[in-house]
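A single chain comes next, written as structure tokens; it is the form predicted on its own.
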């Protein structure tokens, strides 16, 4: 009886997890094999097999959204890594007030993505945005730039908002790596006559790579699910040119009412996210073996 007490105490939590997480997952997986429409509840019983998945693989709108998601993910992750690494290296050199600077650095990640979306939507506004105001009054540009109307510029504006919101994740993790790094290898490199760049390239950076891949894993899952900022700033426009997988999924499920097709899209996205996670964890394991 005493051995069963821990399991009995965990039972309420397990039931809640099953109700809140497991049952919706099972239902969404089942509905992805049906012709379920929100406007026709009886369609949940119409089983169509893999038809939704086959339809998605033949749908160019889905592939365009998939390509934009990969492009967006690549731009954002590389920019956040570069900026985060630079901020971490600068903060490591600070001897006084570092705690205050670390706290200030974390401010952007504390803002809700919805709030960030509204903030940057007004900043990039054609008529009243501060970005166009600076370009016109500070750099002498005559015409306002249609940041959220032009397809390429709109994707750039979304990337800027996402990078501002989450660069601090990379900076904090990489700063933790720098602070935990032993000083002996750097001192040995200096004694051997290595320049600052050589010491960074061959000593510091390999030691930081496990932290880089941890940050990459966390942020790839978050950016791959980007929805709030895109929804607020462009809503997938103009003309669907900033439509990402998760905004397309929401439009398919809640606007068009094709929930079965949207759930199939969601499970394809989950498989892609798992593939990215496995790839990054493989890189993490290789980096840890190299260091230790």
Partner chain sequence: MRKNVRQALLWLCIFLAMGFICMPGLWVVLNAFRPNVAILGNENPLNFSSYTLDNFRNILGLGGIQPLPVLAYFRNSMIISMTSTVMALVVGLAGGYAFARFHFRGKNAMFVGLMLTRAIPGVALSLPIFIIWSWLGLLDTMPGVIMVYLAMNVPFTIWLLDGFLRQVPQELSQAARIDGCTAWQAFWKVEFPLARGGIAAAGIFAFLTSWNEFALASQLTRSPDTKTMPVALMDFTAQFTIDWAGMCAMAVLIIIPALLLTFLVQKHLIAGLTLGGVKG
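Numbering follows the first chain given and starts at 1. These numbers come from a predicted model, not from an experiment.
Keep in mind that the form predicted together with its partner chain is not shown, yet the notes after this line are about it.
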Contact check for 5, 12 and 123 against its partner chain in the predicted bound form, heavy atom at 4.5 Å: yes
Stretch in contact, per heavy atom within 4.5 angstroms of its partner chain in the predicted bound form, of 236-244, 252-260, 49-57, 62-70: 252-260
Answer option from 149, 188, 130, 205, heavy atom within 4.5 Å of its partner chain in the predicted bound form: 130
Contact of residue 145 with its partner chain in the predicted bound form (heavy atom, 4.5 Å): no
Contact flag, residue 201 vs its partner chain in the predicted bound form, heavy atom cut 4.5 Å: no
4.5 angstroms heavy atom contact with its partner chain in the predicted bound form for residue 183: no
Its partner chain contact in the predicted bound form: residue 164, any heavy atom under 4.5 Å: yes
Residues from 223-241 in contact with its partner chain (non-hydrogen atom within 4.5 Å) in the predicted bound form: 224, 227, 228, 231, 232
Change in CA distance between residue 225 and residue 266 in the predicted bound form, which is 3 Å or more, as closer or farther: farther
Closer or farther: C-alpha pair residue 225/residue 120 in the predicted bound form, relative to this form, given a change of 3 Å or more: closer
